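Just the one chain here, laid out as structure tokens, in the form predicted alone.
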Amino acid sequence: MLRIVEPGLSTTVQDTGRYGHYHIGMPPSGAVDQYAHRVANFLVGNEADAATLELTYTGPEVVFEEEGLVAVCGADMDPSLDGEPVPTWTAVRVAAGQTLSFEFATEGARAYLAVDGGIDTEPVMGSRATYTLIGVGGHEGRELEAGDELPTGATEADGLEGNSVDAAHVPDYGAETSIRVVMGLCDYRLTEDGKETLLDTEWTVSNEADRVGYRLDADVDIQGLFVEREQPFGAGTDLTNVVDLGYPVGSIQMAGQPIVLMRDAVTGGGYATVGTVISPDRSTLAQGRSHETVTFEPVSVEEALTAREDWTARLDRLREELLG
């Protein structure tokens, strides 16, 4: 059992996501940085789909009601146990009554707190992921608040204390961020110069970047990127509008500015989506902080599939190394 003393800026229960319901308008939710979430779970003996706490910019103050094993991966929030610093990307033993606290992130935007046995809230539609826009999953479908108590599952984490991730597998969140995209569905709506501008511009992560969408800013006339046309019936009057279509997770929606749709985004609408961020790089983008910059790098579907296969194989190797 965990007890939340202070909730942090935005702390939610997340897992690998709620799948199979996109056709009824339910996005997957789940950890926006799937890499850090999964590695944190492996460190404490959990499978990838166990629920963790997703911490945004600064984490909660948590009291452990019983002994256990914890790991913090992702953004560097300087975690401390009863005031003593604890390493990240490492399995750490906690005793009953100890308090884990965090500082404001110095690199990256989100960290993941895994506990052995996982956060054992009641699943909704097959997942413990929190989707706050409609209040389902996690703990009462909302961000955590002071006084919340979270159950943890049964554990078999013996012998894992001190388990750590090699530095080669720890992302550098301070590095310049190039995000790979597959162009489409609606890139035909852009002029050739418009496509070049989208890909050549250094975009700034706005203050409105969140789990729903990463809004990006630059001194670019978005309307000027589009082919002039007489809008078809049902598409609206704005050149960035199309007749309604489905939005893939990671798609770049052109709604006055580029918005990369994240794991809590709506599943369809009438804005042109001109590219889709590949799945491994969505974890990278999720660690982008306000006022940091990103650029887009076009790749083919085949290159995207290869990148996903490499990402999956890397995580499989880490699971094998950490869980045995």
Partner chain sequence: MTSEETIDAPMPGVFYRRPDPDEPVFVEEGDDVSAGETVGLIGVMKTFHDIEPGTDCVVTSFEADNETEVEAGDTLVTVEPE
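Keep in mind that what you see is a predicted model, and the values were worked out from it rather than measured. Numbering follows the first chain given and starts at 1.
There is another form of this protein, the form predicted together with the partner chain, and it is not shown here; the text below is about that form.
Checklist line | Within 4.5 Å of the partner chain in the predicted complex, all of Tyr22, Leu185 and Val249 (non-hydrogen atom) | finding: No.
Next item on the list: Have a look at Asp244, Asp120, Glu208, Asp78 for me and say which one sits with a heavy atom within 4.5 Å of the partner chain in the predicted complex.
Entry: By the 4.5 Å criterion, the partner-contacting residue is Glu208.
Next item on the list: Find the only residue in Val94, Val165, Ala105, Val181 having a heavy atom within 4.5 Å of the partner chain in the predicted complex.
Entry: Among Val94, Val165, Ala105, Val181, a heavy atom within 4.5 Å of the partner chain in the predicted complex occurs only for Ala105.
Check: Using a 4.5 Å heavy atom cut-off, which stretch among 276-284, 30-38, 289-297, 44-52 contacts the partner chain in the predicted complex?
Finding: Comparing against the partner chain in the predicted complex, the contact stretch is 289-297.
Notebook entry, point to check: Can you check whether Arg128 is within 4.5 Å of the partner chain in the predicted complex, heavy atom basis?
Noted result: Contact check for Arg128: no, nothing within 4.5 Å of the partner chain in the predicted complex.
Check: Taking the shortest heavy atom distance, is Leu305 within 4.5 Å of the partner chain in the predicted complex?
Finding: Leu305 lies outside the contact set for the partner chain.
Check: Is there a heavy atom of Leu315 lying 4.5 Å or less from a heavy atom of the partner chain in the predicted complex?
Finding: No, Leu315 sits far enough from the partner chain in the predicted complex that none of its heavy atoms falls within 4.5 Å.
Margin query: Need the contact residues for 81-97: heavy atom within 4.5 Å of the partner chain in the predicted complex, sequence order, or none if there are none.
Written below: Sequence-ordered list is empty.
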